[in-house]
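Okay, so we've got a single protein chain in two different forms coming up as structure tokens, structure 1 first and structure 2 after it.
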Structure 1
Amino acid sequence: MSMLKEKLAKIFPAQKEDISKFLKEHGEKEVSKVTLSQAYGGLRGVKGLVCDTSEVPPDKGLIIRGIELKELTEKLPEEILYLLLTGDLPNAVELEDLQAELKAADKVPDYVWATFDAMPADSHPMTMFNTGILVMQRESHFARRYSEGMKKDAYWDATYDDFISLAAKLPELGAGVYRKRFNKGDRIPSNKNLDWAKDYVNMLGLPDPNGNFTTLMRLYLTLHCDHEGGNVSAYTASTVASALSDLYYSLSAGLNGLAGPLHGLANQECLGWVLETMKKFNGAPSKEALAKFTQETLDSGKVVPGYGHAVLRITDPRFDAFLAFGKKYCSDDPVFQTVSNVFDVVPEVLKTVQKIKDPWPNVDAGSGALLYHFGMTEFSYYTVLFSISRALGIGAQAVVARAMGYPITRPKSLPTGAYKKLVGA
């Protein structure tokens, strides 16, 4: 048994007992009120889910297991995986053990590549990536053990095995999608001596002479790992998992949601807007020109991509981390300079629009420009990167939910006519 799984076997029973006592004492207390506007508005702001791995307070942004994101930007994604599951950061020995566990399971089966060969050459990268995950469902430890009569208290153990197996394979799977879909040549084999993110960069095959792209990828895969339980990908995955579908099914389902234009495609839309702006001004525009162009954009009924957030009311700390990276490693890049100038200008313009509650940038406002700087210019691939990172949070949430014995998700719905009667309309 790995050190991480052994630790979880010790801490989960106590956590489950604590939740049981908590519910017994306070289970009937009201924690949220739902208005008709919320019911018809996608349940925005309704407290009705449990996510033990992270939270997103409007005034602070992402907090992972009680630690604010700004304290985690120098950590490896493997350390974040450990933190998501246990609530603690690993020591050196625990990290090495987890990395060895991931390396032992990182081989993508050959039948996945054969499946890609059978797909149309112009298939979307997310279609290929999610298909690869779903095709591997035959590898599920949970599905096999459940069919053998596994006891409920072992559900988390089998889900953990699926999580580690999937997390180990996603960099190779994602890199394989990139090289095949964009005609980059043969797949590059995994290097067992490299950490999770560095090996991903290695398998992508993009130049990284000074290691800065690897530094960016470690940061990127950390920043996108989790964002509480109510976003489309996490909520979809947890709903599917609540039916005791294994992680291959639930992760694929969640990432299909991540592929939507209102969820995971935002970073490429933001970069597209920046490049269009630069084209209009034949290079990085001045702040004065940007302010005028922003107002023209708003006056035409369009939005400025990357600004505003459903939950946050501050600058997204993930954007802050990307901005700091850009200033350190590519401050002379005209695309990044435009992103930086947009940050200085756009919020002040948006503040003049009364209905805009959050004029500040979110994570997508800057990430695409950094990927573009390092040679990843294929916009449609960006969501695959997001998916590899978000799989850490989705997988951790699934393991914890199984350990705590959370039930199937089944909220009540009513037709409009019933709501009219309910409120006396």
Structure 2
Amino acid sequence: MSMLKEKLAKIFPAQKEDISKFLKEHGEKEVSKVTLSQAYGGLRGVKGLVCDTSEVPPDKGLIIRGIELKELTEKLPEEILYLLLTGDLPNAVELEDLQAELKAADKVPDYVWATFDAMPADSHPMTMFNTGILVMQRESHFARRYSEGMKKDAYWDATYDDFISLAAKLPELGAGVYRKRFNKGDRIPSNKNLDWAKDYVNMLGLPDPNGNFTTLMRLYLTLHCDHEGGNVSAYTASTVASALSDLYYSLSAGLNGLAGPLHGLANQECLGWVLETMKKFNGAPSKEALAKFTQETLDSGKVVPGYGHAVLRITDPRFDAFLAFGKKYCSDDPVFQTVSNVFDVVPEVLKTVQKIKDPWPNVDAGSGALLYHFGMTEFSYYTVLFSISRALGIGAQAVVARAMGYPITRPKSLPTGAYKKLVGA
């Protein structure tokens, strides 16, 4: 048994016991009220979900297991995976053990590539990526063991095996999508001596002479890992997993949500918007021109991608981390300079629109310019990168939910007529 699984086997029973005691004592206490506007408004702000891997206070941004994101930007994604699951960062031996466990499970089956061959050449990279995950469902340890009559207390163990197996394969799967979809030539084999992010860069096949692209990729794969339980991808995945659908089903379902333009696809949309401004103004636009273009975007009924958030009310610390990276590694790049100018201008314009609750940049506002700088110019691919990272949080949440024995998700809906009756309208 790996060191990580052994550790989880030790800590989960005590956590489950703690929750059970907590509920026995306080289970009937009220934690949230729901207004009609909230029922019709995407349940914004309603407390009714549990997520122990991370939290997102509106005035702080992402906190993973009690550690603010700004303390974690130098960590490897594998360390984050460990942290999400256990609440601790691994020591050097534990990290090495996890990396070896991932390397042992990293082979994408050949039938995935054959499936891609059968797909239309212009399929969206997210469609290919999620199809790749779904088609691998036959590899699920959970599904096999469930059909063999696995006991409830082993559910987390089988979900853990699916998580590691999937996390191991996602860089190869993502790189395979990139090379196939954008005609980059043959797939590049995994190198067992490289860490998770560096091997991904190796398999993508983009030049990285001084290692800066690898540094960006480690940061990227760390920053997008998790964002509590209520965002579309995490909530969808956990709902699907609550039906005891295995992680292949639940992860691909969640990532289909990430592929929406109001969620993870915003990073592709955002770079598109920035490049559109540069095209329109023949190079990096002035701040006045940017303000005008922002207003035109709003007037045409579109959203300004990369800005606003359902929970945050500050500049997203993930954006701060990308901005700091850009200032260090590509401050002369005109696309990055435009992104930086957009940050000076767009919040001021959005603040003038009363209904917009958060005028500040989110994670998607800056990442595209950095990827573009390092030669990844195919921006329809960007949400695949987001997905590889987000799979860490979704997978960890699924393992924890199975270990705690959470039941099937089933909130209550009512027709409008019933709500009218309920409030005496």
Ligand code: CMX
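Counting starts at 1 with the first residue of structure 1 and goes up one by one along its sequence. From a predicted model like this one, the values you see are computed outputs, not experimental measurements. Between two forms, the rigid core is the largest collection of C-alphas that superpose within 1.5 Å.
Here the chain taken from the form predicted alone appears as structure 1, while structure 2 comes from elsewhere. After superposition on the rigid core, displacement of the C-alpha of residue 281 between the two structures amounts to 2 Å or more.
Comparing the forms between the two structures, the C-alpha position of residue 302 differs by 2 angstroms or more, with the core used for superposition. Core-superposed comparison between the two structures: the CA of residue 290 exceeds or equals a 2 Å shift.
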